[in-house]
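So this first bit is one chain, no partners, the form predicted on its own, shown in structure tokens.
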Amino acid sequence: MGWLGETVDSVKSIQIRQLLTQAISLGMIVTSSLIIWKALICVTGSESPVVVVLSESMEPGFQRGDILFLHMSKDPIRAGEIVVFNIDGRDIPIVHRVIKVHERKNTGEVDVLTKGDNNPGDDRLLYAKRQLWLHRHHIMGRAVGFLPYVGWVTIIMTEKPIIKYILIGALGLLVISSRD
């Protein structure tokens, strides 16, 4: 029984080692992703350097599912620029074009009015109650580039969560069953 017991213990230790190796590899991938994300935030000056266009409000310029790359600088925002902004009380950022800029005489700060290219009117109905202009703190960034259609992966996984769970399960099985 000594030789057989040693062999069984040897096989068990290999499986534990493989499992630990897989867990460490997964941890390194997650950590690397977070480091890259934080580096992008520092480089772009935007709290969210990449966003997905979720509606048709910016067609024909941007389609639903396009990924936008954002940058936020100290330069004043100008009419015609495409910005991504948050509204107080809403979780999902909005991608629209600046149609009007208003400079406050007493502080020199710039407020903006936005509109979706495919929308009939400005965004004042979207803003918080009694808010007529977006202030600098609402703006997450300016669009500086885009990848068409790549964001559909995010949209599909958000709208159909079962696909997200199947994908996570399949990736988990792949990690557990890999023998490298």
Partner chain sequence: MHSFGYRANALLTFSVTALAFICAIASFSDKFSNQNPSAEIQILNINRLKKQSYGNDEVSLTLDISADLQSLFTWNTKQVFAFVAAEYESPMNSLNQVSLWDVIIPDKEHAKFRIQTSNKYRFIDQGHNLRGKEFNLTLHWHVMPKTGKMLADKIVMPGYSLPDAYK
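Positions refer to the first chain, counted from 1. These figures come from a predicted structure and were not determined experimentally.
The same protein has a further form, the form predicted together with the partner chain, not shown here; the description that follows concerns it.
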| query | finding |
| --- | --- |
| Interface membership of Gly145, the partner chain in the model of the complex, 4.5 Å heavy atom rule | yes |
| Residue contact check: Glu103 to the partner chain in the model of the complex, 4.5 Å heavy atom | yes |
| Partner proximity in the model of the complex: Tyr127 to the partner chain, non-hydrogen atom cutoff 4.5 Å | no |
| 4.5 Å heavy atom contact, Met72 and the partner chain in the model of the complex | no |
| Proximity to the partner chain in the model of the complex (heavy atom, within 4.5 Å), stretch among 29-37, 44-52, 136-144, 151-159 | 136-144 |
| Partner contacts for 55-76, taking the partner chain in the model of the complex and a 4.5 Å heavy atom cut-off | Glu59, Pro60, Gly61, Phe62, Gln63, Asp66 |
